[in-house]
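Only one chain is included here, represented as structure tokens and corresponding to the form predicted on its own.
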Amino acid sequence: MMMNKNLVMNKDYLVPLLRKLAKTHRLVAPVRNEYGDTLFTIITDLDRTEIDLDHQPQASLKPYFFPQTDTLCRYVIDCDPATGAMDYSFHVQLPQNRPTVYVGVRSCDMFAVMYTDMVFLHEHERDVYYKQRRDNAIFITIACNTPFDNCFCNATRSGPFLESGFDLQLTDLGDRWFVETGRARGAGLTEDWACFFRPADEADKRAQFQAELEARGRFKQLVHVDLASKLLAEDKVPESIFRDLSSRCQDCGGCAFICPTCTCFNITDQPRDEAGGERVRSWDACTFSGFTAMAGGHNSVDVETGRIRRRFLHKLQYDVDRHGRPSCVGCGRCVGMCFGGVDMIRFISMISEAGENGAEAGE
């Protein structure tokens, strides 16, 4: 089966194609709700749902693979009537593995899924819950001809167009989609439903190339991500920046919850009745004051400045050391989420300016 084919699909054919795929797959796509919010939504009726490919989804695909709360197993309390001894038995609760087509996924969100794969699908430490949801997923991504106001995926090398990772990548050429096949599932999809596609000609290829060139010149944000990582690695960030940002942080965790690559979690046992309960994994955030709290109330991290320091060092230094790149994908969601202005763009701008001015880390 050949991959990396260039095809063209009339825009009017997208919904009919999805209607065919919906017979065997669950569909997830951006949908604008009654409140004006665009969110990735499970589509049950294409005829009554209008897919929104014009606005950035306010949340990423993270909850579909790594839910905010996830029951890992049930535990049952067994009591020996003769001795009164208590024993526990645990019963794994794997999620349902549903073949799913994710439609309208922006480059940054697709890159975030691939990044999260490195966290949960490590060669020797595969998370079975994540893998169960990740298997049988097909991604139809959409390249960003016009980046959104707070986007800076060009600075994180995660967009606005992808070179790999997708099954199909769509580029808007006005009256038609330029379609690139990536993985084998995408190529197979175009072969199974060849009636919706035609081979791309030279004019189509030139138009796609021009769209990509123009997109790279339309970013409104100039964000020096590599410089920020370098300054952090060299410990050249003034302490005053962390103090300033910490004073504005309200400890809400919104930045971590909205971020497509934040994967901190906590695990708790929650009793449901006298006979047992559930072991639940739930999202956590390294900006929470209790994230590093220990027994007896001791906290090894200064809750005044250490929480903010930990977040940005994690994204821009520790992940660079471990994976060779920052875990920020430049989606810009934290900019709109944080009412205190403790977002990635502001932090990088502050330390970049300090670096240019030669400020010392101890200031």
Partner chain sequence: MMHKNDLRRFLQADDGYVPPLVADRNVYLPRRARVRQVVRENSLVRTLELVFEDQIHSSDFTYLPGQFMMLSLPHCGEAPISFSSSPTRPGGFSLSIRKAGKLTTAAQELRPGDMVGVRGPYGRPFPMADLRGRNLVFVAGGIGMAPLRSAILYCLDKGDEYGHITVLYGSKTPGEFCFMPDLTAWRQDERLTCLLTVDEGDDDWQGRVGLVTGLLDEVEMDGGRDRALVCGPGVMIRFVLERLAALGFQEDNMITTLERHMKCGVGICGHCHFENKMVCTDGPVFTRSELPDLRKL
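This structure is a prediction, so every number in the text was calculated from the model and none was measured. Positions refer to the first chain, counted from 1.
Although not depicted, the form predicted together with the partner chain is the subject of the following passage.
- Put simply, D204 is far from the partner chain in the predicted complex: not one heavy atom of it is within 4.5 Å.
- Looking at F209, you'd find every heavy atom of it more than 4.5 angstroms from the partner chain in the predicted complex.
- For the chain shown alone, D149 is not a contact residue for the partner chain in the predicted complex, no non-hydrogen atom being within 4.5 angstroms.
- At a distance threshold of 4.5 angstroms between non-hydrogen atoms, Q96 is out of contact with the partner chain in the predicted complex.
- None of L227, A184, A293, L222 but one reaches within 4.5 angstroms of the partner chain in the predicted complex through a heavy atom, and that residue is A293.
- Only one of A82, A194, V92, L213 lies close to the partner chain in the predicted complex, with a heavy atom inside 4.5 Å, and it is V92.
- Picking from 98-106, 168-176, 194-202, 121-129 the stretch near the partner chain in the predicted complex, with a 4.5 Å limit on heavy atoms, gives 121-129.
- Here the marked residues N10, I42 and R48 all miss the partner chain in the predicted complex; none has a heavy atom within 4.5 angstroms.
- For the stretch 249-263, the set of residues having any non-hydrogen atom within 4.5 angstroms of the partner chain in the predicted complex comprises only T263.
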